[in-house]
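Here's a solo chain for you in structure tokens, the form predicted on its own.
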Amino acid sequence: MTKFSDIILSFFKGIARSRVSLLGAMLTTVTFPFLLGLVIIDSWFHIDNPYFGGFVYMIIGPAFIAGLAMVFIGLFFLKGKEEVRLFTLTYLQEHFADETRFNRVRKLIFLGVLLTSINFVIFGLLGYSGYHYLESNSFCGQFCHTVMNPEYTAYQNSPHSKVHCVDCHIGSGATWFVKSKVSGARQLAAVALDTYPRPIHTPVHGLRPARYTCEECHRPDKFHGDKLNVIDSYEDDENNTHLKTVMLMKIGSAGSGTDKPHGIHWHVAEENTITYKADPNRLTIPEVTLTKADGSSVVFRSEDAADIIEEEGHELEARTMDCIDCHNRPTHIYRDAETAVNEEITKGTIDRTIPYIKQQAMEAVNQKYSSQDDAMAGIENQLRNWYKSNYPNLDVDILDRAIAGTQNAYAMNVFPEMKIEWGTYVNHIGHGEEFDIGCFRCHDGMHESDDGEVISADCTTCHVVLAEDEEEPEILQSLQGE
């Protein structure tokens, strides 16, 4: 007659006879209390430290699961199976078929159910908390600190800093979740092997379509009217003269129940489907097709753009236009040097009363530095030495704040370790210099249809400049009732 104590004894003997099971049991026993306690702490207090989460969900959790697997493998497939014959299907069938024997196996059943339930609870907590950890901003932006620090810094300094990374990069549904984790595994391997690119490439082709991410919050058909945009800038003169540019942006609408498509967001209206062909980086667009509501279409081609594509040997990519084609950096925004310094002056971190501070700040941030630490020291030395020589009586506290503001302008946008300099990343909003041609990829006056219709290059198509680089714009005073 087999006693319950015999079953337990056989179980432990089976573990002892198999080195694999023994090692697994030791691993499980050691990790279990730590894992349970840390998962409960994280679930209760929501600890955001990425390395705490990495330790729990990427080291302790897998170690616990591996230990359980090793116990099972050692017991039933290696030497331990000689001692666990009492757990065979034949043994259980005999005891279930005989009512007099059933009572003897109840304890075994209870033990099995208890241990299984405990494991299910652990797995459930581990899976739930681990999922949320892998979806957290701290994991996305801080776990691989050196690699992701530039993007995480730019993200925190951008309009969407309160939106979780996964809301834009993954969205809802299992398909893109799986794709993101497969991609993440490749990226993790690249970090481990130090094969990741510097700078990190913009994921032009890897982002989910905007209609499943951006348009979950931003409905193009509900953007109405115009927007007044006031741009502050400062001269390089002694007084850091404050200039303002006032523009009326024709935001328009993609159409709604009360409005027809017009303005900038006409481009993404359902009635006007725009497709185009471009090089892999979507910087050169030789062909644009407009399909109208009645089904007719117009094809605009630029011979110059087509020649560039042919010379570079690129294969054309066909794409339907959406939000990302203009808002290609809705967050992770890197400012150019002029904009970054102007923003610090506007915020007051750089005091405009300091003579020539705009000029000197620009000169300091545009130097070449080997690292951010080197940049912080270089910016401070340059500003402090220049003002010591030229304005020795300048208030030290005011200068210290200006130095900190200038350092911040650099630190938020330039990362020499990752080979990110001013202007490394292209932003298609508007039209800057060199590669930041934005609107002019299509609105260059050179895309022409077979009937002679040309995609307009007229600036007033999208905005009206009401004042440009003026000290006290009259239009702004009128609008403010002054």
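As the structure is a computational prediction, the values presented were derived from the model and not from experiment. In this text, residue numbers run from 1 along the sequence as written.
We do not show the form predicted in complex with a small molecule, though everything after this point is about it.
Given a 4.5 Å cut-off on heavy atoms, tell me which of 137-145, 406-414, 356-364, 379-387 is the interface stretch with the small molecule in the predicted complex. Checking each option against the 4.5 Å cut-off leaves 137-145.
Find the only residue in Leu27, Ile60, Val39, Cys439 having a heavy atom within 4.5 Å of the small molecule in the predicted complex. Exactly one listed residue reaches within 4.5 Å, namely Cys439.
Could you tell me which one of Leu399, Ala337, Met247, Ala305 places a heavy atom within 4.5 Å of the small molecule in the predicted complex? The residue in contact is Met247.
Heavy atoms within 4.5 Å of the small molecule in the predicted complex: does Met321 have any? Although the small molecule is absent here, Met321 would touch it in the predicted complex, with heavy atoms inside 4.5 Å.
Is Leu22 one of the residues lying within 4.5 Å of the small molecule in the predicted complex, judged by heavy atom distances? Judged by the heavy-atom cut-off of 4.5 Å, Leu22 is well away from the small molecule in the predicted complex.
Do Lys227 and the small molecule come within 4.5 Å of each other in the predicted complex, heavy atoms counted? Lys227: contacts the small molecule in the predicted complex.
Is there a heavy atom of Ala189 no more than 4.5 Å from a heavy atom of the small molecule in the predicted complex? Taking the distances in the predicted complex, the answer for Ala189 is no, it never comes within 4.5 Å of the small molecule.
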